[in-house]
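Starting off, we have a lone chain in the form predicted alone, written out as structure tokens.
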Amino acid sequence: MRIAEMRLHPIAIADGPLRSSYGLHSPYALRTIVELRSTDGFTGISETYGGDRPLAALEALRARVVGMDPFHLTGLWMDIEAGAATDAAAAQDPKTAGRTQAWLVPGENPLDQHARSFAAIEVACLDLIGKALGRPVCDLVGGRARHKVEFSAYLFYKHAGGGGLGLDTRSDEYGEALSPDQIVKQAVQMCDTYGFREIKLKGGVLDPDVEIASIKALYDTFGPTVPLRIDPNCAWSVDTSVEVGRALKDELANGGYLEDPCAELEGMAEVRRRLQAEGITTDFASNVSVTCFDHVVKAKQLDAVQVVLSDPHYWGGIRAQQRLSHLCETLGMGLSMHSNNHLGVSLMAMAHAAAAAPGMTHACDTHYPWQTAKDEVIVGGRVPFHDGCVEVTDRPGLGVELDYDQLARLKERYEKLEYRKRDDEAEMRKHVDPNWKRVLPRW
């Protein structure tokens, strides 16, 4: 069996006006669907970041991918990795010269490009192999540690609006959320709909006192049995991070954590030392300062991070996710999973990756509730959640197929958009504050 054809489908999916320390989400999020067709007539698919840069990186691999044996992924990785060193010159700014997401939104760091591109090809190859063999993807990497993968409610401060533009403007399912009471309302609605039993709040948007009040309001509503997390994406100074950690020492206990409160592992280590000196043992998590295997070792040495947020999309695929699980188990660290805007193809790739990772200790993040059925690209519509979980079935491959009519509509929408990259800062200046810039730390 060989890969006879590679098709790349850039698409756009409606996204609401969600806020983070990076800025404001655009009316559409950009994604890319990868389709590999074999000489045997099977098709494997994956979903990855969208826009010009990810698309060009995948296009550059076409000659290497077409004609290859989909089982021979190690050789592909070695070839991609060999060329990755030459890409280092693409990041001239010292602030962006490392493989972290402190300064660049996921999908836009050129030093992550090789891992992201390989992951997209790897997942499509595994889906292809699974369909050819009649086995689910998780079985191809050793089998599953769990049949159901738990996800968390992912809350955002947001402005009114449901995303989309013009005649494609969407209804606002969750409404404005710029206060603690509105965040609680959003959480109750999302948990009632999907059955989530863990909750994460994207912070770094409002004054820390408001975000502290939001977590406390969630704690008062859901009680101590529902783990809570807050992720300000490095918006706070070390001093502010200590103040927030002190204020939320009870609310973030019992399985919760404080995620990327400040930039760089050294800063997080200092915050943890100062809190521990006061007897506060809140766990810290990261997907910004820990994005590759070298970072995990450093995070452990500094005692800066206790929970690593993985993501098969930029860690290098499902097998890399599994290796990360083994490493975290060896080092005595917890594991969860980061999320970006995504559709059902990515959701199932995340589910298979988590199912095959025995060291997964926390519910995974997902943006899936923020996307709508109108944009789903898989046959049969949206992936169902039961009690906050996605079931990993015995269906071959990822267990999903493309709806080509939907795919064509999403591609047509992409072609009509004026932008080809995610730029949350520009969106903030356009709609909220013409002088807004992402400043770290902001508080």
Ligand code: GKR
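Numbering starts at 1 and runs along the sequence shown. Note that the structure is a prediction, hence the values are computed from the model and not measured.
Beyond what is shown, the protein has a form predicted together with the ligand; the following relates to that form.
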**Request:** Flag this candidate site as yes only if 106, 287 and 367 all have a heavy atom within 4.5 Å of the ligand in the model of the complex; otherwise mark no.
**Result:** yes
**Request:** With heavy atoms only and a cut-off of 4.5 Å, decide whether residue 231 touches the ligand in the model of the complex.
**Result:** yes
**Prompt:** Would residue 154 count as a contact of the ligand in the model of the complex, using a 4.5 angstroms cut-off between non-hydrogen atoms?
**Reply:** yes
**Message:** Whether residue 202 contacts the ligand in the model of the complex should be assessed with a 4.5 Å heavy atom distance threshold; does it?
**Reply:** yes
**Prompt:** Taking heavy atoms only, is residue 338 within 4.5 angstroms of the ligand in the model of the complex?
**Reply:** yes
**Item:** Which of 125-133, 315-323, 231-239, 72-80 lines the interface with the ligand in the model of the complex (heavy atom within 4.5 Å)
**Value:** 231-239
**Fill in**
Near the ligand in the model of the complex, with a heavy atom at 4.5 Å or closer, the residues from 245-265 are 259
